[in-house]
Every structure is written in structure tokens, then in C-alpha cells.
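What follows is a single chain, given as C-alpha cells, in the form predicted alone.
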Amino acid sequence: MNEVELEELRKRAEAALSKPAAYGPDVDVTQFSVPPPPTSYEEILSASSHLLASVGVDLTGRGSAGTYLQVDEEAVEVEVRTPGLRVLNLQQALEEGIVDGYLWRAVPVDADKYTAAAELFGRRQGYVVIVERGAKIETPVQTCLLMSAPGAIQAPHNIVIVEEGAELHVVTGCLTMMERAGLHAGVSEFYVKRGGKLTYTMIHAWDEQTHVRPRTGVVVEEGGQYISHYVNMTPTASLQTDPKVWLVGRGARAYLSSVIVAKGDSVMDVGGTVYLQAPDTSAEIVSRAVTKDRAEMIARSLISAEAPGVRGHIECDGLLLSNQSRILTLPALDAKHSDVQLSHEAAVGKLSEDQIFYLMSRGFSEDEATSMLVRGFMEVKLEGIPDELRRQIEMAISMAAAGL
């Protein structure tokens, strides 16, 4: 992009810096600042190695096709281990001109104050992953966004491009190691070309004082597939996200799953929106929400059918473990053509006392029985992910269930 185009983006962002999001608690982005580089990235990574492992990040790089590791606003490790794959930071990609036509195409720069913050404060950091046409990358690319400084803003801009007929799995671990409030306002744009397949797994482990505002846009062309898994098991001051997926080519498909545990005083507003804009496209959105203590969870889902022969289904379940917590489910179907098949189901409730008593009669303690039932509730179909990552996610869910 030339300087004139970049300056126009900056002006639009500046005009939107006070624009609140449509949903979620409002956060004053000006109270956070871009931190200076730390004295030692090695010390930070060493101190947070156990946290990194909990979100699926292996610093040795074993079993991964490539690695992108960012601490605050600096890319500290960028590595490629597989042919047909490129991994680089956004600044380098802009200098090479390889993301022209993609930057801010799936997510408007002026959507709200958080997208504006990514443009104004992100220092052109964030990962860019590109898979060549026809390349099938068998092992995941691991990316990590780590916040280490208190009172800081982290605002990466990530772009993933899966060329025609290519396949890729990206695993992103996002976490914080600070003790004071911070803001993560990341933007992610994904482009899946004809016949391509992108599986994206995001595992969050934020601090209970961190505000999180991811902004994601996905464009899927003819015959392409986008599969997304989102897991959050830790308390967070506030979380608001609503990834939007456009299926623009015939036969494109999307599957979005989320497993979220809200504890303490967390306020979470989590959504997922799929636009079926081409014939024979299909989408499924599946969510599991568990609340405890005084946490509040709003689960939004929307499938918009805008072409003939499309199909969509929403499954939204919530489990309350305290009388002080709250779950609000808002599944929505929007049909703009008569030849569509759309359905949804939603349920919110508590654990069955009969089931707990039954398990206790079989020799389990009440805590063990509760953990087993919560673990079963949080199970979702984990499509398109390697066995090792599946085991890591299942272990994280089991640990979360045991702690509830």
C-alpha cells in the first residue's frame, strides 16, 4: 500500500477512536499505553513457560510447521519449518507488498474504537501466514500473543491467506502475565481461496483484570472451508467478540465452536455471525457456556441466509453453577430467500441433582460427580485438529471442570 492509502486508513481510525462497540462493556482505550520493550524477552518467556504450555505453545517448535511469537508489541520469534508456507510480521509483509488488497478488507478500520486502536497503536505488528496454492500443511502453525506489561495495550493485526486448494491449521495461544488491567485489541483477517481449508484454534488464558476485544473477519470462496474452535477457561475482566464469516463462493462451509468458562466477576459477550451469500453454502455454530460466582455471559449467534439452497444450524447451551451468575443466549436466523434450511436450539439450566446423586451412589464424591458432569457438558465436536492438540484441549477442559 502506498503512503496515501495508509494515511487515509489512519485518518479513518482517528475519527473512530471514541466510537463504542455495538455490544459489550465500553472501555476507554486512552487509559492504556504501548509499553517500551522489556529488558529481556528470554526472562519473560522463561517465567511464563508453564502458561504458554497451557495454551498449546511449545517454545521448542516441535510438531509445528512454523512459529510466530509476539511479546507486547514486538515479534520475538518468526520461523518457518515447512515448504509452501510463509510466516512473517505485518510490517515486513507491507514492505513487500504481499498483503495489498487484504489489509482492512474483511474488518473495517473504523468499525469501532478497538479496530481503530489496532491501526493507531499496533505498530504494524501481528502475524501474516500465507500458504501457497495446493500446499497442504500437515502440522499446525503456532502463533502466540503474550502480554507482559501492566497497564498496556496490545493491538496486533493478523492476516492469514490460504491460496487455492491449500490447507492450513493455525493454533493461537493468547495470554497475559501481568497483575494490573490491560487491553488486548487484536484484529484478524482470514482469506480462504477456492477449494482451500483453514482450521483456526484459539486458546485464551487472560488475567482477571484484562479487557479483551478481538475483531475477526473471514472471507471464504467457492468450495472453501473455515473451521474455528475457541476455548477460554480463565476469568477475564471483560471479553467481547463477534467474528464474522462471509461465505461468498458456491459450496463454501463454516463451522464455529466455542467452549467458555466465566468465573469471578467476568463479563463476556461472545458471538459468531455467518453470512451465506452463495448457493449451496452451509454453516454450523456450536457454543457451550458455563458461569460461576457473579459472572455474566451473553452468547450471540446469527446465520444469515442470502442465497438459494443454503443450510444453517445453531446450537447454544448454557450451564449456571451459581445463583449469582447469568447466561443470556441470543441465537438468530435471518432468511432472505425461500429455498433455505435454518434451525436453532438453545438451552440454559443447572446440573441435574439426580445425576449427581447417581454418581455419588457409584462411589464418587460430590465434587468428582460435579466435575464429570461439567466435563461432559463442555464437549463439542473438534473438527480438523491433530490428535495432540485435541488431547491438550480436552485436558484444559478437564482441568477447568475440576476447578469449578
Partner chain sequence: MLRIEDLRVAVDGREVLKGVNLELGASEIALLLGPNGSGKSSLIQTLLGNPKYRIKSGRILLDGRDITDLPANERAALGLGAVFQMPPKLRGIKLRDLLRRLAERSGADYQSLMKMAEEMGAAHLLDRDLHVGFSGGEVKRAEVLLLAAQRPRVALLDEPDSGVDLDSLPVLGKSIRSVISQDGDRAQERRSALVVTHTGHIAKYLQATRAFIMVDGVIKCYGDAQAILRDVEKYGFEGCLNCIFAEVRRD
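Just so it is clear, the structure is predicted and the values come from calculations on it, not from any experiment. Residue numbers count along the first chain shown, from 1.
Form predicted together with its partner chain: not shown, discussed below.
Its partner chain in the predicted complex is not approached by Arg62, whose heavy atoms all lie more than 4.5 angstroms from it.
Taking the partner from elsewhere, Phe377 is found to have a heavy atom lying within 4.5 Å of its partner chain in the predicted complex.
Taking the partner from elsewhere, Asp26 is found to have every heavy atom lying beyond 4.5 Å of its partner chain in the predicted complex. The shortest heavy atom separation between Asp317 and its partner chain in the predicted complex is within 4.5 Å. Residues of just one listed stretch (49-57, 34-42, 65-73, 351-359) have heavy atoms within 4.5 Å of its partner chain in the predicted complex: 351-359.
Of the residues Arg124, Arg326, Arg288, Lys113, just one reaches its partner chain in the predicted complex with a heavy atom at 4.5 Å or closer; this is Arg288. Residues of 1-40 placing a heavy atom within 4.5 Å of its partner chain in the predicted complex: none.
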